[in-house]
Ligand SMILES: NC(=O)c1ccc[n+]([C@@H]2O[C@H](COP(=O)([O-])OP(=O)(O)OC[C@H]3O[C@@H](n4cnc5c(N)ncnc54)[C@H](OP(=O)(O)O)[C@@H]3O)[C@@H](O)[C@H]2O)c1
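Okay, so here's just one chain, in structure tokens, the form predicted alone.
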Amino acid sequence: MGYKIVVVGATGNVGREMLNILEERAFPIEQLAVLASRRSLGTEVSFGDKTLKTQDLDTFDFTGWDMALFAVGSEATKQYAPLAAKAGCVVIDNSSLYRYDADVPLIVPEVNPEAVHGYAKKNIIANPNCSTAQMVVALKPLHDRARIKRVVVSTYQSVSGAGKAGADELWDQTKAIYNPTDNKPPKVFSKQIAFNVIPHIDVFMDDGTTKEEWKMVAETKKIVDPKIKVTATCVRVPVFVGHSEAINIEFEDHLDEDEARDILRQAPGIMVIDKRENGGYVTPVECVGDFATFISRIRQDSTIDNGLNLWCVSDNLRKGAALNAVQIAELLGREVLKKG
């Protein structure tokens, strides 16, 4: 017996990836509905060897459906997620709308699976920001061993984090570099992204941080431990898919780099590729299409007591969004609904 699953926003990058992952992981599905806005109504999407036509989100009745994976923006989520939840369908939301709601659990299944039982307060579960998701997978097993005091993280985030329009802008500007008559001024990003890096993701806040940086701080505290101090600098780079992070960690207790490497090798969701030689590390190009969060460049930080540095890479459309949502659905089914 399987689940009745709805994918909301099935025509977008993340929605399509959700469908791919549901099929790849053989999620137990009895019935599947794919929804989109009216402007995309009737658009066909693939699910394994099947082709499905999208239905109208505005008129869809969520009654009798088990779970809805939302891959639409906060405005649409604000309108439709409460309707689904009220109808008894558990919402797994990929937007930022509910992440900081005390009555909505924010879950990365490898990190805080026990939080899934908090879904019942609103019938909603939140998926974290893409840059947070991969980082906390790496932090949690190390925190359990030596207690993390402070994290300094610099991100190198791909343009797909800004959706299809972000990827299109990088492609168009890259082509225009070689054709000077074809000028492509920035529309999605604040400056040219081709052959450039932009230290600005989301809006600026009063203290000078960006909203993306604030999200990493707030979400890490909610998912892992509110006592951890986090400071982030988030940068958009001309990479199509795959977020990278340089993470500096200060612990309460000493943690040797070799022990840290062993801990991470045994941790769920992590693949350690860490050889001190040319190419002995993972880059964004190599992580695309993979489920794992890759860790490389593990080494002591001799400038502080109890410090480590590491390099963290993951497919942001997968672990950063679609995969994590499907893993939450698997966790919910396994621990709570128990139908599959």
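What you are looking at is a predicted structure, and each value in this text was computed from that prediction instead of being measured. Numbering starts at 1 and runs along the sequence shown.
Missing here is the form predicted in complex with this ligand; even so, the following discussion is about that form.
Residue heavy atoms within 4.5 Å of this ligand in the predicted complex occur in exactly one stretch of 304-312, 290-298, 274-282, 35-43, and that stretch is 35-43. Each of 9, 15 and 317 places at least one heavy atom within 4.5 Å of this ligand in the predicted complex.
A single residue from the set 233, 95, 112, 248 has any heavy atom within 4.5 angstroms of this ligand in the predicted complex; that residue is 95. Proximity of residue 73 to this ligand in the predicted complex falls within the 4.5 Å heavy atom cutoff. Proximity of residue 82 to this ligand in the predicted complex: non-hydrogen atoms within 4.5 Å are absent; the residue sits far from the partner. In the predicted complex, this ligand lies within 4.5 Å of some heavy atom of residue 164.
Contact check for residue 135: no non-hydrogen atom falls within 4.5 Å of this ligand in the predicted complex.
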